[in-house]
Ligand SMILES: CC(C)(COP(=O)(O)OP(=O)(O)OC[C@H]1O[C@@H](n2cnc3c(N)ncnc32)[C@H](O)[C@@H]1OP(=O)(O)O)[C@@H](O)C(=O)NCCC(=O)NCCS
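In the form predicted alone, a lone chain appears below as structure tokens.
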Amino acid sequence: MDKIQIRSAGKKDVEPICRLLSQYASRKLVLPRSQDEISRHVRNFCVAEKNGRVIGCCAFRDYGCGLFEIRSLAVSPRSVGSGTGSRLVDFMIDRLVGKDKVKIFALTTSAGFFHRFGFRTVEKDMFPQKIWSDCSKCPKLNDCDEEAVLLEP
């Protein structure tokens, strides 16, 4: 059985992350991210790697004052159901909890997935920074099917 490694992303991962996210962005499941944007923020990503190939990714965004968003979570369709997404979120939570008192949120169509990590469903308007920066550009703006979840470890 091949082992999946979760690690911080580096410059060599930019293209595979971009390819992976574009599969989900085309289905409007994640916001599109350009290769340039991923490259500028690659330090905020972690990846799941199997046999030298990136099969999953996850990122965070720092909104300041201890508020972080988990975003751009994607797993290769062939690896869905393998626990890779859970391992990516665990890795990211561990990375963020190491900072001072934090609040971690996500906007998702799979709130139940995040509830397993201790997140609770909250109102989206708790995160005006997110709404101003990303939601206003989202193709689902007027028909949003996502829920906000929050973890306060």
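Don't overthink the numbering: it's just position in the shown sequence, from 1. Since the structure is predicted, the reported quantities are computational estimates derived from the model, not experimental observations.
What comes next is about the form predicted together with this ligand, which does not appear here.
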inquiry  = Is P32 near this ligand? Define near as a heavy atom within 4.5 Å, in the model of the complex.
reply    = no
ask   = Is N44 close enough to this ligand in the model of the complex to count, meaning some heavy atom within 4.5 Å?
value = no
query = Does this ligand come within 4.5 Å of any heavy atom of L107 in the model of the complex?
reply = yes
inquiry  = I'd like to check something about Y63: if you look in the model of the complex, is any of its heavy atoms closer than or equal to 4.5 Å to a heavy atom of this ligand?
reply    = no
